[in-house]
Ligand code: HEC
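Just one chain is shown here, as structure tokens, and it is the form predicted on its own.
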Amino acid sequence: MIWVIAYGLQGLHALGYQPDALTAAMTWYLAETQLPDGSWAGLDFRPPIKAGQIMGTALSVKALLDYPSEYRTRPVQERIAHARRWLEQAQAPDFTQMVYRYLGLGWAGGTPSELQSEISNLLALQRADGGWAPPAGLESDAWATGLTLTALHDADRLVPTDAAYRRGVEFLLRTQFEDGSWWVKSRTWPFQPHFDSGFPHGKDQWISASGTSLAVIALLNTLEPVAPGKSFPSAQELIAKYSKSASPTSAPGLVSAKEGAAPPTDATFVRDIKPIFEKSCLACHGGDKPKGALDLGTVANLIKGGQSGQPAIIPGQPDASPLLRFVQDRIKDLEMPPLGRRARYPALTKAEVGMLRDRIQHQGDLPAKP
């Protein structure tokens, strides 16, 4: 829970969200879950985004500083000082927690002289290619490089003109993909069912999205600011403005499946699409126990989706329909049918993909009932 709250408050603060009852409730929870030794547990371990107790403690300190409140049990400054004492004696077991120990100490009031050894240690880990890598044995990547550059920059310990920063930027520019993203290899055991977010890089897409964000921040820090932060509207002002100017159903990607649809009928699906699925898909995604709880046997099931909770198709929006991306092999590790089973279950031909695209586009041919 602390990850959701700490990251959530960090995101709200970045958006200029002003303190209110919501942030007060979130910081109250953080304050009251601080352990007697001054740390926060950080039990949900999914590195590197959720990397342990040091990281959880540092992010909690940042949240309490961004949205300070008074707590009956203990003043916030005492809580932060208690966390700082814990961080000072904590030993970082890995690179990510090393960075966050440095950040946490800085947020908690550590002076430049006190943090000099941490700064030197981080700079010493920069590799010959200009990047940083989290665990030993992995190559440099955008996540570790973006995090380190951003951490040192935000603490005023490294400016974009420094040689180390320039080398890091050169690494990021050299490793960016043509689509604008960066690929970062996942290091978490995949115990949860994977679903496609729409971001590139298949099963590595979640850490790649985070790494891409950190890389962009590191690059943005090389640009001269054009406007002070206070000149931008707060998140609440933007929410109020959006609420007045748009309804939820007018937002992109939220078009109802029934808007403009002809009277529902399965005739076209049964005639044109189901035979394709029978050849290549329904052996796994059909029957009493379809894989991933995704049954491709009816239009209603396509719209309902499977275990991920996402629809397989979005009527009228083929490019936003995950199923179409899977059958075109556009999602690494999520190609459908799986690459290793295509001797038995052939890939869809270009003509079949075109037919599926056409049926998704014409939502009158894709009814919302079986």
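Note that the rigid core is defined as the largest set of C-alphas that superpose within 1.5 Å between two forms. Owing to the predicted nature of the structure, the values given are computational and were not obtained by experimental measurement. Just count from 1 along the sequence shown to find any residue number.
The same protein has a further form, the form predicted together with the ligand, not shown here; the description that follows concerns it.
- Partner contacts here mean any heavy atom within 4.5 Å of the ligand in the model of the complex, and among 291-299, 96-104, 171-179, 140-148 they occur only in 291-299.
- A residue is said to contact a partner when one of its heavy atoms sits within 4.5 Å of a partner heavy atom; residue 28 fails this definition for the ligand in the model of the complex, lying far away.
- In the model of the complex, the ligand lies within 4.5 Å of some heavy atom of residue 312.
- Residue 119 falls outside the set of residues with a heavy atom inside 4.5 Å of the ligand in the model of the complex.
- Contact check for residue 59: every heavy atom lies farther than 4.5 Å from the ligand in the model of the complex.
- Contact check at 4.5 Å (heavy atoms) against the ligand in the model of the complex: none of 185, 208 and 214 pass.
- Interface residue among 153, 285, 79, 274 relative to the ligand in the model of the complex, by the heavy atom within 4.5 Å criterion: 285.
- Just one of 281, 115, 158, 133 comes within 4.5 Å of the ligand in the model of the complex, counting any heavy atom, and that one is 281.
- Residues from 310-337 that approach the ligand in the model of the complex with a non-hydrogen atom closer than or equal to 4.5 Å are 310, 312, 323, 326, 327, 334, 336, 337, in the order they occur in the chain.
- For residue 54, the Cα coordinates differ by under 2 angstroms between the shown form and the other one after the core has been superposed.
- The rigid-core alignment places the CA of residue 150 less than 2 Å apart between the shown form and the other one.
- Here residue 26 does not count as shifted, since its C-alpha moves by less than 2 Å between the shown form and the other one after the core is aligned.
- Relative to what is shown, residue 333 and residue 172 are farther apart in the model of the complex; their C-alpha atoms differ in spacing by at least 3 Å.
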